[in-house]
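Heads up, the chain below is alone and in the form predicted on its own; it's given as structure tokens.
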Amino acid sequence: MMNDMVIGANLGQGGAKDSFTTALGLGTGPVPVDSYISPEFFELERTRVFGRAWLYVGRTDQLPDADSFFVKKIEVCKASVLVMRNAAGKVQAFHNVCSHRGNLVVTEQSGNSKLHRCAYHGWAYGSDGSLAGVPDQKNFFQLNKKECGLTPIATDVWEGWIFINLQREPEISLKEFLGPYAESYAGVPYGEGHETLVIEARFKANWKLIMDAFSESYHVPAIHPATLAPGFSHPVHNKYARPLSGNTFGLHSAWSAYGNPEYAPPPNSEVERLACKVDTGGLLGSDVNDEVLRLRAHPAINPTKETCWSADVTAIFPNFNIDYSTGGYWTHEFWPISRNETHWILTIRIPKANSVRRRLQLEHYAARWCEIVLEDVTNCESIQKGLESGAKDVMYLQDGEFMIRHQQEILRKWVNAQTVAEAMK
């Protein structure tokens, strides 16, 4: 396994001087595109990646009280997962499947309930997954209720993030799976009482194409000329929006985005001019407060401590991103549905407004986000069509796209490995 490394871009006139790709020990040749279009490759991803890796399913603040729950559908594994906090406060996931005849038990997306009753024959389960009630129990044969609870799923929590593993007996712990990433990002402040904005969509494109769109900034000047490019590139110092730093943490990776310190909203952007107050060097929200200062002081955030920093993108293998900026943090979930269909979920968490100007800033922040991500993801269906034409067998990645190359290398190890231990080498 590759060691955790942090490589700074040493940005100078015209862009980066160091190579992230070579410094991180990655290859430099063309990358095959079969992983985006091959039915056989997708089947191996389904069983050997999503069937064996630890998968993010939610945050503990989605389960604020005893008996609170939410349901997570994981289509690539054909699983409906019921995540609950029991009376003792423990967070545990279960297969949302009745032990009687296999019906899905809970149909609500989230809520709070001491009992969950199957609609088919009325079998009821407690928030600890135990079988609590069976109508006409005396008419069954040697029914042992203790053996008929909901089927538990391996569950663990890191820094408030809930992960599950769908193997009956996981070959690796969450701590081993996250490895140096968990050590580096331990203690990052996530704030309290944030407002949450969720944007989700389904696309006719492979899940990695959606993920790739958020894995590099090389595309910023072309795809986002009016939204991101003015703030994330510079006509002299960083014309192509090269990243400030690049990191790998075993299976996982991260990069820091450049922020144009000379950026100011153009005269005709009257709403942005009212909302914008660039006083932290960040472009995605910018009020100075204790939370922002704690975030920026953490050693893993903007690890080379560049003054022209705007945001950090971190990728947790296989399909989860946690990204940070001075305006808050946000996550991406890239869930495969089939070889060429993806369910994408963007969750933006921003501090609650404490002034009218702050409220305006946050509303502008959210609206701008919508513009940006739509520019990103709508292009992916076009790429899928291009790759499925069979015209190209490989793609050529430049240095700023090292995160895509890293993901591809790790993915192929997992797809080809008979065991998780072999994949982790």
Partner chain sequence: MAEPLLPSGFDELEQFVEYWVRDTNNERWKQRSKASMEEIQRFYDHMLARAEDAIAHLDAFPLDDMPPASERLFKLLLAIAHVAMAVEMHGQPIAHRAQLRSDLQMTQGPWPFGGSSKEQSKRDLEETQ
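Numbering follows the first chain given and starts at 1. Since we're looking at a predicted model, the values are computed, not measured. Whichever C-alpha set is largest while still superposing within 1.5 Å between the two forms counts as the rigid core.
Although not depicted, the form predicted in complex with its partner chain is the subject of the following passage.
Comment: 372-380 is the region of 38-46, 394-402, 372-380, 23-31 lying near its partner chain in the model of the complex, near meaning a non-hydrogen atom within 4.5 Å.
Taken together, the three residues 99, 103 and 178 lack any non-hydrogen atom within 4.5 angstroms of its partner chain in the model of the complex. The listed set 294, 73, 239, 90 contains one residue whose heavy atoms approach its partner chain in the model of the complex to within 4.5 Å, identified as 73. With the partner omitted from this view, the residue of 338, 173, 130, 109 that lies near its partner chain in the model of the complex is 109 [heavy atom within 4.5 Å].
Residue contact with its partner chain in the model of the complex: residue 202 places a heavy atom within 4.5 Å of it. Using a 4.5 angstroms limit between non-hydrogen atoms, residue 329 is distant from its partner chain in the model of the complex. Its partner chain is not drawn, but in the model of the complex it has no heavy atom within 4.5 Å of residue 66. Residue contact check for residue 344: one or more of its heavy atoms lie within 4.5 Å of its partner chain in the model of the complex. If you take 341-363 and check each residue for a heavy atom within 4.5 Å of its partner chain in the model of the complex, you get 343, 344, 353, 354, 355, 356, 357, 359, 360, 362, 363, in sequence order. Once you line up the core between this form and the one not shown, the Cα of residue 222 stays within less than 2 Å of where it was. The Cα shift for residue 157 between this form and the one not shown, taken after rigid core superposition, is smaller than 2 angstroms. Once both forms are fitted on their rigid core, the CA atom of residue 337 lies less than 2 Å apart between this form and the one not shown.
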